[in-house]
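The chain below stands alone and is given as structure tokens, in the form predicted on its own.
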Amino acid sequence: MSIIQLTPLDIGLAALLVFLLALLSWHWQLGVGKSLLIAAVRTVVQLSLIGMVLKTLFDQTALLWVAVMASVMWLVAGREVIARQKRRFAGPWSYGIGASAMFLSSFVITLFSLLVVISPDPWFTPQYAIPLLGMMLGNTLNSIALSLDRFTHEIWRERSVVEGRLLMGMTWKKAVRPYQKQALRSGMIPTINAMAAAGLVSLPGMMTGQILGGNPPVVAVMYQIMIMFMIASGAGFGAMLAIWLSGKRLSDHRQRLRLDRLT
């Protein structure tokens, strides 16, 4: 089965739909038309550049360059976690919490998959390592960002309730536990929905890509199942770690609510 090559005209026709959507958003005064077009331009530029970088990287298969690429992806993902947070931690803490949670979830699970599950030779083969890490970081990023935004927003909005609970003798852990649960639920629901709908409502991205690339559907299914389990684990563990770190940051050794640490 031959692969159908797309031309710039084909991409332009797809881009026309995004432009029409931006026009409609301006007509409805949604306030997202400019952001949509900027995001579309960034998509073209960033994916074009990464395509050239990956071509060079795939030709070399050097651990150093794979590590550099992975580090850049991780650092940029840490920035994206805080980009749309309504309430952020002051100083470098917002970036640090998100980046740390992604590192300890995405990197660990990706390494586990490369060393134990897939076992390519060598284990850092970029054709496997970079796409797997990219999918892990992207989905973990979404989960952490949603959880953090919900948690800090709820703590800020319900600050009088939290302080009242602390004054009544509750520990910090018990006082904020309901808000942590809500935040984690918000962060994990998109991943759970994606798993529940896979195959019946939607064909996930990696599976679709492999099928379009000519791989047998059964092989694509096996890879997609593995990826979805990895994503669910990474998103859940990452969100839990981020919320735990946030809870520690919003209190002190006297178990007081420290809203001065939010901006």
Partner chain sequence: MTIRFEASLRHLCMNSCQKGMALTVLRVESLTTTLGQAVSLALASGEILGIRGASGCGKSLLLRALVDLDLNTGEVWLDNRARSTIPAHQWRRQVGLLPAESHWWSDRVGDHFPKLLWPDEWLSQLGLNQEALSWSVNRLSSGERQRLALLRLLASRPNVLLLDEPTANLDGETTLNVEKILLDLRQDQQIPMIWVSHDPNQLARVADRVLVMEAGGFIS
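Positions refer to the first chain, counted from 1. All values reported here derive from a predicted model rather than from experimental measurement.
Although not depicted, the form predicted in complex with its partner chain is the subject of the following passage.
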Do Asn193 and its partner chain share at least one heavy atom pair within 4.5 Å in the predicted complex? no
With the cut-off set at 4.5 Å between non-hydrogen atoms, does Gly169 touch its partner chain in the predicted complex? yes
Are any of the heavy atoms in Gly164 no more than 4.5 Å from a heavy atom of its partner chain in the predicted complex? yes
Touches its partner chain in the predicted complex: Asp252 (any heavy atom, 4.5 Å): yes
Which among 170-178, 139-147, 84-92, 116-124 is in contact with its partner chain in the predicted complex, heavy atoms within 4.5 angstroms? 170-178
